[in-house]
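First, one chain by itself in structure tokens, the form predicted alone.
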Amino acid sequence: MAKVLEGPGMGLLTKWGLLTPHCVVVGSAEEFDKLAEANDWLKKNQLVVKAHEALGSRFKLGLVKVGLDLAGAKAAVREILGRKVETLTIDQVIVSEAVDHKEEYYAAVKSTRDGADIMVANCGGIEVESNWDRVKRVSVEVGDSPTDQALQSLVEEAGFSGSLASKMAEFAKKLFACFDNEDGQYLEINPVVQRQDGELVALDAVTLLDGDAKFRHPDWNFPFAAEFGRAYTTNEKEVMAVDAKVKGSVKLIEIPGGDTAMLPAGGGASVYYSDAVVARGGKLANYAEYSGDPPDWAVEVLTEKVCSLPGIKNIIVGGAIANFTDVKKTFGGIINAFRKAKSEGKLNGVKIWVRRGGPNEKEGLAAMRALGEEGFDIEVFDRQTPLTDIVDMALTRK
């Protein structure tokens, strides 16, 4: 699941026919000054300035400024940019037009085991949290789309009537189209507001997409939001760029201060090995995984980043018995990266532990064992060794 910031999230809504406020995302006061000269709406409208980050409680943190004219917006941009919130530095703000309205509503679509739920309420903003019983929903099975009748019944059950009910049903229909076509996992508009001309506008958006589907969307030219309250590192961004290009998956999250680096095959193995390291008192240097039979070059890039982690003493290359991931092929990418890292002096004092099974495992494990003849400190085990035994050996250096 990958979170999309408000600016590109609004862009996806607009793509599927939903109305959104005019907005710009800027990274400097100078950039905003130039945009202000080129966009009349910035000069004519009341404005809202918000930190363009994946942060909760932005208003309470003083990272949302409302009711501004252009001069006030310029001052707010300068005030918010560069602010530090724990380990995060605000490096972007979003400036949008204020939309005059009286009532606020709620609409969302979320993924479920069987498909998706479409949810609406005739209250919105902070009111929806204390009135969750007013949120009504209809379920849509995988591969299906909601009928117009089902959506009309949904909004009427939620308390909408007359022309507003028809507009809300149409809004929900477009929201589902956006969710379904953009590989959404959660899409929330809170609030939906009715403009003075009667049209419904998405005033704010929470957008979560299936990040692994990026290869299907060449127009996704936006980065996903940073997680864990910090910006992505250069290594993480480079692995994400590779992940977006391949059908399989490669993932990396760095954890400063750890000494045990992880290079597991598959998300399940990643969690299993990570839990084992922590349970045995070890310190993780990263989270990583490769799965879905990614190309060897993608695994090589991931391995290069893992080898560059500072202060590591062990690298654990672990995995269960693969069904279709080619062990020999993916190990080829890992081995190439190991050789490159060794030539650059990055693996001095680092011991490598390998446990794997699957297609072409004999050839892959033999190639790994051969690294010992090249001066690598490496131990290699096949499917007969329990998965986490290599964690015990790594942490006790047995």
Partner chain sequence: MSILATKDTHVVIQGGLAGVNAARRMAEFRYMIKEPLNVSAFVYPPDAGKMNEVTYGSELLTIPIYKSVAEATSNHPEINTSLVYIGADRAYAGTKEALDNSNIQTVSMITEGVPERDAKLLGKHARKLGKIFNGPSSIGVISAAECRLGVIGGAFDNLVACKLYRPGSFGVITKSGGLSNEIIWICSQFADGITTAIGIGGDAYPGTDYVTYLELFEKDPQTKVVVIVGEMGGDLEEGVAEWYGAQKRRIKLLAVVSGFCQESLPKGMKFGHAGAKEGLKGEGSARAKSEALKKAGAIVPDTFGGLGSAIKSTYDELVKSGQVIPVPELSPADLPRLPKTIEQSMKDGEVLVTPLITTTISDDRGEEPLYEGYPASELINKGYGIPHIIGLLWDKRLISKQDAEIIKRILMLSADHGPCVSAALTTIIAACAGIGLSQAVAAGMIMIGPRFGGAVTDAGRWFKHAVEHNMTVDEFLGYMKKNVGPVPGIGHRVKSLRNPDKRVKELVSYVKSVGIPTPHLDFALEVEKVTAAKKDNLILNVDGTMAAVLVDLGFPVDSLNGFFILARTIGLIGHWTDQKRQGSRLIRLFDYLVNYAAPKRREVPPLQ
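Between two forms, the rigid core is defined as the largest C-alpha subset superposing within 1.5 Å. Positions refer to the first chain, counted from 1. The shown structure was predicted, so the numbers you read here are calculated from the model rather than taken from an experiment.
Below, we turn to the form predicted in complex with the partner chain, even though it does not appear here.
Interface residue among E97, D204, D296, D183 relative to the partner chain in the predicted bound form, by the heavy atom within 4.5 Å criterion: D183. Contact with the partner chain in the predicted bound form, defined as a heavy atom within 4.5 Å, holds for exactly one of G82, G268, G159, G125, namely G268. For the chain shown alone, Q149 is not a contact residue for the partner chain in the predicted bound form, no non-hydrogen atom being within 4.5 angstroms. When the partner chain is considered in the predicted bound form, E141 lines it closely, a heavy atom lying within 4.5 Å. Taking non-hydrogen atoms only, K102 never approaches the partner chain to within 4.5 angstroms in the predicted bound form. In the predicted bound form, the partner chain sits within 4.5 Å of a heavy atom belonging to S111. Heavy atoms within 4.5 Å of the partner chain in the predicted bound form are found in exactly one of 297 to 305, 71 to 79, 214 to 222, 196 to 204, that being 214 to 222.
Residues L284, Y287 are the members of 279 to 306 with a non-hydrogen atom no more than 4.5 angstroms from the partner chain in the predicted bound form. Core-aligned CA deviation for L387 between this form and the one not shown: 2 Å or greater. With the core held fixed between this form and the one not shown, I255 has its Cα displaced by at least 2 Å. Superposition of the core reveals a Cα shift of less than 2 Å for Q152 between this form and the one not shown.
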